[in-house]
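Next up is one chain by itself, shown in structure tokens, the form predicted on its own.
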Amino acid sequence: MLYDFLPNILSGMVITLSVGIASLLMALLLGLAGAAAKLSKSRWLVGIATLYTTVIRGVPDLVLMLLIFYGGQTLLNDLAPRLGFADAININPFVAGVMTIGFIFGAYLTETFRGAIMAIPAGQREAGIAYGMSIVQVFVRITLPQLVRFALPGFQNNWLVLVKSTALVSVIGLDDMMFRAGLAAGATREPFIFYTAAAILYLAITTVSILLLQMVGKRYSIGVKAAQL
């Protein structure tokens, strides 16, 4: 029974991974921008970034997903006639899912990157500038390698949670792995089998992710002595 539906569920896993990777890219950009804003000397930027992280981390992911997909679509259709659009506007579930998950985890990565940057001694950046490096060179040669090392544990946790959060896109009709597992469970009346299969596939994704991120961590920890407990 599972064998008949497995290829369809596996093809749904491709959509799940696509949502996860696209959301991660958006979250990375928002996280770096948010961390830079929080560490800036501008009160406005600090205030906006603080409001962003506070609100997003305080509202459930599912609420935001439904708010953006259904609430955003209603708002656009209310505004469309005033803007000269005669046809109804439909938000693509993939776009809505990526935007929502990326926006949510951008807030978490903001704090991850902010903490990582603060862990780097300011004297190193000042020394680079005194040596004649540009701001970009200081970031690429001094800040970024250490940022990756310090941020990797928090980044790994966020990525694993993000992967699991992609299951939420099934509630807005995206044909992902959970959606297809639900269809198979409904058609066969065997929910335990198909939801267990989906759980195993999610576990496989997170396990491979952990192994890959551990390799990255070792690469960026070369020459760094581990603390002895």
Partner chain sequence: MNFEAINESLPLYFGGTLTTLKLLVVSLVAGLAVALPLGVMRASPKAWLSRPAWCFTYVIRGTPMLVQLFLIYYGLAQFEWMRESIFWLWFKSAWFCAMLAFAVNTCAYTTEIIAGAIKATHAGELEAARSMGMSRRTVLWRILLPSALRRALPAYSNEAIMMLHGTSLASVVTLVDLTGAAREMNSRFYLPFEAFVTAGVFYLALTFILVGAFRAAENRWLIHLKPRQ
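Residue numbers count along the first chain shown, from 1. Just so we're clear, the structure is a prediction, and the values are computed from it rather than from any experiment.
Only in words, not in the display: the form predicted in complex with its partner chain, which the text now covers.
- Of the heavy atoms in Pro81, none are within 4.5 Å of its partner chain in the model of the complex.
- Among residues of the shown chain, Ala37 is not one whose heavy atoms approach its partner chain to within 4.5 Å in the model of the complex.
- In the model of the complex, Tyr108 approaches its partner chain with a heavy atom inside 4.5 Å.
- Proximity of Met26 to its partner chain in the model of the complex: non-hydrogen atoms within 4.5 Å are absent; the residue sits far from the partner.
- Picking from 113 to 121, 93 to 101, 130 to 138, 69 to 77 the stretch near its partner chain in the model of the complex, with a 4.5 Å limit on heavy atoms, gives 69 to 77.
- When its partner chain is considered in the model of the complex, only one residue from Leu32, Leu45, Leu183, Val171 comes within 4.5 Å through any heavy atom, namely Val171.
- The contact residue chosen from Ser18, Ser11, Ser221, Thr206 relative to its partner chain in the model of the complex is Thr206, the criterion being a non-hydrogen atom within 4.5 angstroms.
- For the partner-free chain shown, Thr54, Val55, Arg57, Gly58, Val59, Pro60, Leu62, Val63 of 38 to 65 come within 4.5 angstroms of its partner chain in the model of the complex, judged by any non-hydrogen atom.
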